[in-house]
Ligand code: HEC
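One chain comes next, on its own, written out as structure tokens in the form predicted alone.
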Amino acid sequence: MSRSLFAAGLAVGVVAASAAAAAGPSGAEIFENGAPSGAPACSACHGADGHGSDDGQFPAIAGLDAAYLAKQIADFKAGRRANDTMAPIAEMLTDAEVAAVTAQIAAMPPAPPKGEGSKAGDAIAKVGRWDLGVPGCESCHGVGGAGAGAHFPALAGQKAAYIVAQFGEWRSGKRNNDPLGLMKSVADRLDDADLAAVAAHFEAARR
């Protein structure tokens, strides 16, 4: 190869690398393989499709609102949500990486419905338990549990075990990042049977 051709090739490589750096981190790459900062791949825990684990340890995150996801990462970093797995990952992620990977996750197809649902859970989701001072879940989380912005995530298709586990964290105070303490109030007023019913309802709901 002539010196001029080598120089031209090197220049092209430098330009391509510079363009890639200017474009910022790839959300797909972070999700699938990990971030430049060293944060591990989201897929390692949440699954290649982002649909989480049935045991409730890792939630379904695919299709969730990007602003909601970014807020949760910030809350893990600030200690408003306590989680031994997510807290150190949140600390590692840069702002640019958070923006990229949350946009990627938001664009992914949400988890499909699973199970047969629950009539009692359907009633709580739509109407609530006003005898206990609990409004319908859909009044905040949107019709069908489709979600409403950065503070009220989509619930349709979420793992029932994860939903139940989060109610437990609000009850205990381990999770403390809900607007005006709304979820803490709901968790304290509904009994375990109600919580299981509404969780089964949303896992079986389609978004």
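Numbering starts at 1 and follows the sequence shown. No experiment lies behind these values; they were computed from the predicted model shown.
Keep in mind that the form predicted together with the named molecule is missing from the display, and what follows is about it.
S.K.: Please run the contact check for Pro153 against the named molecule in the predicted complex: heavy atoms, 4.5 angstroms, yes or no?
M.R.: Although the named molecule is absent here, Pro153 would touch it in the predicted complex, with heavy atoms inside 4.5 Å.
S.K.: Classify Met108 as contacting or not contacting the named molecule in the predicted complex by the rule of any non-hydrogen atom within 4.5 angstroms, answering yes or no.
M.R.: No.
S.K.: Since only the chain is shown here, I'm wondering whether Gly149 would be in contact with the named molecule in the predicted complex (any heavy atom pair within 4.5 Å).
M.R.: No.
S.K.: Is Pro40 near the named molecule? Define near as a heavy atom within 4.5 Å, in the predicted complex.
M.R.: Judged by the heavy-atom cut-off of 4.5 Å, Pro40 is in contact with the named molecule in the predicted complex.
S.K.: If we check the named molecule in the predicted complex, which of the residues in 88-113 reach within 4.5 angstroms of it by a non-hydrogen atom?
M.R.: Counting only heavy atoms within 4.5 Å of the named molecule in the predicted complex, the contacting residues of 88-113 are Ile89, Leu93, Val101, Ile105.
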